[in-house]
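As structure tokens, one chain now follows by itself in the form predicted alone.
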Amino acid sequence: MLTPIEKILFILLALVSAGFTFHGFKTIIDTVRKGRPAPELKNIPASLLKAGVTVLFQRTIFKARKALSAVHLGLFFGLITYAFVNLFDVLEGLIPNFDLTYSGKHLAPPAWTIPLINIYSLVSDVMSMFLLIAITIFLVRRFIVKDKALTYRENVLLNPKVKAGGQAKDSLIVGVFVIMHVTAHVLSQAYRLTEGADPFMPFASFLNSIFGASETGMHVAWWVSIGWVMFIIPYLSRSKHTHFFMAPINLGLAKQNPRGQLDPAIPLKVIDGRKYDPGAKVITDLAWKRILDAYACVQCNRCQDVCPANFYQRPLSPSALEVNKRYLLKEATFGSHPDLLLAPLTETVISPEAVWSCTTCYACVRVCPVGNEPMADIVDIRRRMLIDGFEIDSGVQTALQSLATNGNWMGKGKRLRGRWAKELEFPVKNATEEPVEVLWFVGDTASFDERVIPNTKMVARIFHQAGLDFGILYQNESNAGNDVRRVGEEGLFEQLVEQNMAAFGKAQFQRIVTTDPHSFNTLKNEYPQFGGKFEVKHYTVTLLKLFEEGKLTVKNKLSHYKVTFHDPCYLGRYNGGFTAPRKLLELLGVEFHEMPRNCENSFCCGAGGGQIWMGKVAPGERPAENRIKEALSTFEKHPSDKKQLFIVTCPKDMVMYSDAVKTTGNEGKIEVRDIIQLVAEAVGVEEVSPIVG
């Protein structure tokens, strides 16, 4: 189809496009390699293959925004189709008589290829319409409807170019490209139809009925279509849409260690003799994988949607963190500001206040369709801020000082940790003095908080009635360190690990049971890094097993209660502990109703990541208050006269939600109870009394 001059021009433009594309992606690779070492990945080819299948079927995008995800699915398959469309368009331009209209009869193909040509023609034609519809929906959403989900609040730190509309500009360029490219391609096919309609090209045939056939039109449309491709491919490496290429790679190279295991503060590897300080001050202090995150980011703001700190009107947006990283890298590598690679992260990508707003709930990581870990960046930034002497909240500082001195964050003496056990009507074994089957790691809140101690005693009574051979560490137990590590105090975390490992070494036990999901997470996932390889269970799993073995029996069905259940982040989202609490509630006979946000999508109480230690409380509706309202709204859909209970399986949740019931003015409407209180009532151990706050 193309004249010799046009062919030469096409080849020259293609070479220029390929050169800019190569430069763009080489720059990205070189930049990613400047990051510090990350934990080693195993079986990378299999992981990349799995990621390819995941991307092909768009599995990760349906975690949220189901309707828009369906539209995105159509857009994705349309673009995949157009990879083949563009190839055949180039062949049509370069090879004489290469024409697939009318079953390719001008090409005189072998008979067996005709059905394949017809299928290709039909799919490409129909997908052209889907592509135009899908991209129009997304453009309308961004520029006409102006969906607030794509915006950021004023108190969130943003790169100046983002504030100036850089994201919208990128979206408009790519949106216009898709519309122009697809329209030009279909028109080029329509202009080829010299013999009327082609039944396998309904869209092109419709346009042919309007515009007719035209040799000149065919050439112009072909050049518009392919010309856009030669412009857009190198542009993608310099725009927000780099995720087209980088997202599958990012998923294939995603974190392989457990969700609940943070990367070490200092890389285990030393490369080229480089010494690494703990944490991250500048962007190249981040692991290479988390530099790659910035290029893979879709900038869809799904992480912002589920962030409890963002909901709480705090200046944290996980999305803004990744977007700012991306723009910083772009200006430093494609622009003329290489010095930005040495600019403090707390001035360029996230504000100090936002750093200390994170609850480390993992919701942003879970919902990300491309496997980004903004939460891990925040923890690394906290690590360096503490070392560099940044001012931190007075409550956090006090808690850390108490943890260093007393092994707990509540300012209590070590010898008081087991006082509650001595108030029981039976002795609780000291696991450092006599062998036990189960070592119960109680945790700070369950040991010291007067609002929670009655539940702690109840757990002990239930274990005792079931004949469980258990003991505790008494004054030898220290805080497990989960929140300490996530606050960024790696040195104190290692000190606590050392203290607990010494206590474990004195004890003889078969497995550990924890009350606190935070302790459960770090003992299970992070202590193995320090040689602590134990079988660790949450107390709900132990309770369920005692029922299943017949050691506990339901004597009183609790059908007079209407309940909902809150999944703690560190039990549920981090460790998949969704089943045991729900099976227990089923055994107890309560009327159970799920809140809309449950299991993997559960909403954080707001206590994690050291937030419960904060001395200064920000204004606005707290996550726990919103959660109580969600529970009441759930109950309203199932009206009855039954007592309404909000069930928790975390001592911190007991504190956070009991306070939230009061601050929202809902006392008398809903009561917060630990699941152990229901178990006690059902098995007849002791009459449940209301918790006095």
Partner chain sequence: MNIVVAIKHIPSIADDVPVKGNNVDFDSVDFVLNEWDEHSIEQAVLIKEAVGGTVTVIGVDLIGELDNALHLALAKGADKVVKITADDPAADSHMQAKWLSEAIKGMGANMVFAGVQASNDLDGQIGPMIAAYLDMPYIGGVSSVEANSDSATVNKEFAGGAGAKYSVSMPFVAGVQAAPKPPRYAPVSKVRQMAQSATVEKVAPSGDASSGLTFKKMAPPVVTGHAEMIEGSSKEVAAKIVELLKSKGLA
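Positions refer to the first chain, counted from 1. Since this is a predicted model, take the numbers as computed values, not measurements.
Beyond what is shown, the protein has a form predicted in complex with its partner chain; the following relates to that form.
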Is L400 close to its partner chain in the model of the complex, meaning a heavy atom pair under 4.5 Å apart or at it? yes
Would you please decide whether A149 lies within 4.5 angstroms of its partner chain in the model of the complex, comparing each non-hydrogen atom pair? no
Going by a heavy atom distance of 4.5 Å, is E591 a contact of its partner chain in the model of the complex? no
How about E489: is it within 4.5 Å of its partner chain in the model of the complex, going by heavy atoms? yes
Its partner chain in the model of the complex has a heavy atom of only one listed residue within 4.5 Å, and of E434, E347, E549, E391 that residue is E391
Answer key: of H464, K161, K414, H337, within 4.5 Å of its partner chain in the model of the complex (heavy atoms) is K414
In the model of the complex, do L386, R419 and Q495 all reach within 4.5 Å of its partner chain through at least one heavy atom apiece? yes
Only one of 515 to 523, 307 to 315, 404 to 412, 200 to 208 sits within 4.5 Å of its partner chain in the model of the complex by heavy atom distance, namely 404 to 412
